[in-house]
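The data below hold one chain only, encoded as structure tokens and taken in the form predicted alone.
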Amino acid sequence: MKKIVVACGSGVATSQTIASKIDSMLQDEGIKASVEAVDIKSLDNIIDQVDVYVKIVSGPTNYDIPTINGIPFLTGMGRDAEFEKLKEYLK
């Protein structure tokens, strides 16, 4: 099963909200993947274990895995385009 990680400053509010939305959208499309919300400080420890990183905050580190913008899942603007990218990365 593919693994998606969503990271924000605390790993509690924003990342949880976005992870929940992504999980719901994936279920609606019958796509099986695990979606985990974490705090940004934990990201370095788990990034090599995930398939897609959903980025919410800008940071100095760029990871060598597929990355999508998480903000559209929060605002709704551009959400469909980012979700299409996510689905492509999960294939």
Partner chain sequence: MLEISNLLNEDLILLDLEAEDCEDAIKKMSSKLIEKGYVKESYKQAILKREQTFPTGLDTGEIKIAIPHTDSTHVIKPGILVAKLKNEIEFKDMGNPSNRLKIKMVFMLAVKDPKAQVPVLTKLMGIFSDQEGIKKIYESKTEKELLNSILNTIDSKK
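No experiment lies behind these values; they were computed from the predicted model shown. Positions refer to the first chain, counted from 1.
Not on display, but discussed next: the form predicted together with its partner chain.
Using a 4.5 angstroms heavy atom cutoff to its partner chain in the model of the complex, none of S34, Q49 and L90 count as contacting.
Remark: M25 does not count among the residues lining its partner chain in the model of the complex, judged by a heavy atom distance of 4.5 Å or less. Shown alone here, C8 lies within 4.5 Å of its partner chain in the model of the complex, counting heavy atoms only. Within 4.5 Å of some heavy atom of its partner chain in the model of the complex lies at least one heavy atom of I40. In the model of the complex, its partner chain lies within 4.5 Å of some heavy atom of T75. Contacts between 16-40 and its partner chain, taken as any heavy atom within 4.5 Å in the model of the complex, involve Q16, T17, S20, I40.
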